[in-house]
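Next comes just one chain, in structure tokens: the form predicted alone.
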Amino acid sequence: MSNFIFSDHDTTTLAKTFGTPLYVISQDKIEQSINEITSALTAENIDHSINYAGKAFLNTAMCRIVKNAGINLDVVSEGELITALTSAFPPSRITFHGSNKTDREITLAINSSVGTITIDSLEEIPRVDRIAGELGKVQNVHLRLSPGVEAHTHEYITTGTLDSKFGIPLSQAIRGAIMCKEAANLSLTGIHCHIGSSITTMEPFAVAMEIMLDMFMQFRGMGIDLSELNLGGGFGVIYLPGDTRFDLRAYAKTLRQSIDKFFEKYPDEKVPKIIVEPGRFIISEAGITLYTIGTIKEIPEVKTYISVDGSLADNPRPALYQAEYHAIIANKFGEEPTRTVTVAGRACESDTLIRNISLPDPQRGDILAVMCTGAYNYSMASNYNRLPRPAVVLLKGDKAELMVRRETVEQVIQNDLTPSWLE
């Protein structure tokens, strides 16, 4: 019997030291993923920049990791932007996204001198222009377009099709470009798309690239000096044994081939800088979640449930997306599986975290490590059932320190008020 080691740390020791449920994040793994992306694009001589998609996982420490890695950041809300600014992240390296930005958020973004605002609809163009004018600034913007590419991901995370709340349909793209060109306080510097998440094949990206390059040149033909093409993210990761990890080398080669083929027709035109926005790819495999096993309920000839001290409150993705995860018993690492069980959360709800997984004789008090939980677990966590959100510990080398404190019940109820007639 041995204990599961994650990023050179004994996970049972982490559980004992910091308690469970516990999110565990490895800075070394984050930096490794960033270096993988950089190396793949550099090997193909692609002028590029990497924008970390903060919605996947964000706090002030993560902002500092991203900043120190030399890559950029995209945010989608006032909260994410203030988190970045609080961490002293350079505003010029921030892109502000969002399909329903408020005037308050646009004002904050422009006042903070963010590098780019990605405009998501025609309605947004005059609002950003007006606010920039009121602030006496000219704001760099990108237009987010919907290229109509089906990436064959879950319907809830496919964002590049025509029927989507995200982006401007291609049929309205030229109109959007004209509106930006005529706006006194906007500088249209690029176009953007994002075709979905957890994509593992190259074909959707190749198709999207061809469409976006064509639009890019149409905009340039209108006298708009575009310099950047943002292709979004969506790179798939390994959630389950046997999953295919996104092939960054093949992706970079696909981009290089698409660029070279397209610009054979435009030998005098400057090739745009390519921007990618990986969030999941950078943070997912860098994170695990540790739980303590509690109640074990065997229903003869039906199923065995093992319950953990976490729930859909700290990982809502199985409920939202039917997402699947792999797990191991950390204190029985390497032992042969002996039972097929369903891992249930403690929420008063149909709260199934993992269905039909084989584990080595799970017992009350064992530590269950759920793999690849860095993305969209902490960031989507809630207080359902008034459960406090877990702590987050950061690993770096042989060091382990909290990057987010464990929430308390007192903090959960601190904003409650009693109306006067109930006193």
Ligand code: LLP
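Residues carry their position along the shown sequence, with the first being 1. As the structure is a computational prediction, the values presented were derived from the model and not from experiment.
FYI, the form predicted together with the ligand isn't displayed, but the following is about it.
S.K.: Among the candidate residues S307, N72, N331, S198, which is the single one with a non-hydrogen atom no more than 4.5 Å from the ligand in the model of the complex?
M.R.: Checked against the cut-off, the match is S198.
S.K.: Could you work out which of L368, V66, A53, V392 is the residue within 4.5 angstroms of the ligand in the model of the complex, going by heavy atoms?
M.R.: Selected option: A53.
S.K.: If contact means any heavy atom within 4.5 Å, which of 393-401, 354-362, 372-380, 39-47 contacts the ligand in the model of the complex?
M.R.: That would be 372-380.
S.K.: Since only the chain is shown here, I'm wondering whether E277 would be in contact with the ligand in the model of the complex (any heavy atom pair within 4.5 Å).
M.R.: E277 belongs to the contact set for the ligand.
S.K.: Taking the ligand as it sits in the model of the complex, is F235 near enough to touch it, meaning that at least one heavy atom pair lies within 4.5 angstroms?
M.R.: Residue-level check for F235: yes, a contact with the ligand.
S.K.: Hey, in the model of the complex, does R317 get a heavy atom within 4.5 angstroms of the ligand?
M.R.: Contact check for R317: yes, within 4.5 Å of the ligand in the model of the complex.
S.K.: Does Y321 make contact with the ligand in the model of the complex, using a 4.5 Å heavy atom cut-off?
M.R.: Yes.
S.K.: Taking the ligand in the model of the complex, which residues of 172-194 have any heavy atom within 4.5 Å of it?
M.R.: Residues within 4.5 Å: H192, H194.
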